[in-house]
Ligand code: NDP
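Below you'll find only one chain, the form predicted alone, shown as structure tokens.
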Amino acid sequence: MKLYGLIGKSLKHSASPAIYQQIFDREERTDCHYALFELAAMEELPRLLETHPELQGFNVTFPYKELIIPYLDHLDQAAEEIGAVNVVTVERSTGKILLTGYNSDWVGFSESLTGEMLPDRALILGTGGAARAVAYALRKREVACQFVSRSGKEGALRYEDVSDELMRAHHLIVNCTPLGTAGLHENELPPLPYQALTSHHHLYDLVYNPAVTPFLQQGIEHGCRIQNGMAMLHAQAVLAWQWFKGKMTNVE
């Protein structure tokens, strides 16, 4: 049995096992299984690889998309430029384990926006690996990105610096934080001046469970277009599966 999986800190609400099972069923792969591996710290990864010799590859989610990089032997170009990894392939040869990191988040996000006319500017909430992948995808489509975070680090604005005028000037707002996630921060939402939202705004939340987060609920109440992260999750999983099978290297 070939094993694949997801590593992260809190995974009980993940839809990844169901998505990969759909992929296995579609390809009639009865020799594959997808599991969830909750790690209390990144330092637990070597033990995971040692105790699961059948592990062929895994996805990476919050909070390990950046922390995993020192454990990898190779990075593809996009992952290196973004500075975050959400797909890792595992090769075992003569007692050695070779780990290669990729980023399918930016492709999944971009594909979820296919055919859509994008605004010139976007606000990206958060500065982690997912936020940088979103910015990478948007900049490839010539959308200027402004990061927003609690601390204002890495050139980001602080939430308290986001004015009504700034909100009105950025018609795409993407939540790349875990705020709103079921069982984790489900009643929380980024502190923004939501009264400035209009029907011209598109609110995109990378969180997909629940389907309507508090952030997206604000969009509904102000007549915005809303979108959760489920389409992105499906698209990035399809690409990750190609890497797991060794059918693809770099994507640009």
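Numbers follow the displayed sequence, beginning with 1. The shown structure was predicted, so the numbers you read here are calculated from the model rather than taken from an experiment.
Not pictured, yet referred to below: the form predicted together with the named molecule.
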**Request:** May I ask whether T127, A130 and P178 each come within 4.5 Å of the named molecule in the model of the complex, counting any non-hydrogen atom?
**Result:** yes
How about K153 - does it come within 4.5 Å of the named molecule in the model of the complex, if we only consider non-hydrogen atoms?
yes
Against the named molecule in the model of the complex, would S149 count as a contact residue? Criterion: heavy atoms within 4.5 Å. yes
Exercise: K65 in contact with the named molecule in the model of the complex, heavy atom 4.5 Å: yes
Please check if L11 has a heavy atom lying within 4.5 Å of any heavy atom of the named molecule in the model of the complex. no
Within 4.5 Å of the named molecule in the model of the complex by heavy atoms, the stretch out of 42-50, 200-208, 218-226, 27-35 is 200-208
Near the named molecule in the model of the complex, with a heavy atom at 4.5 Å or closer, the residues from 87-125 are D105
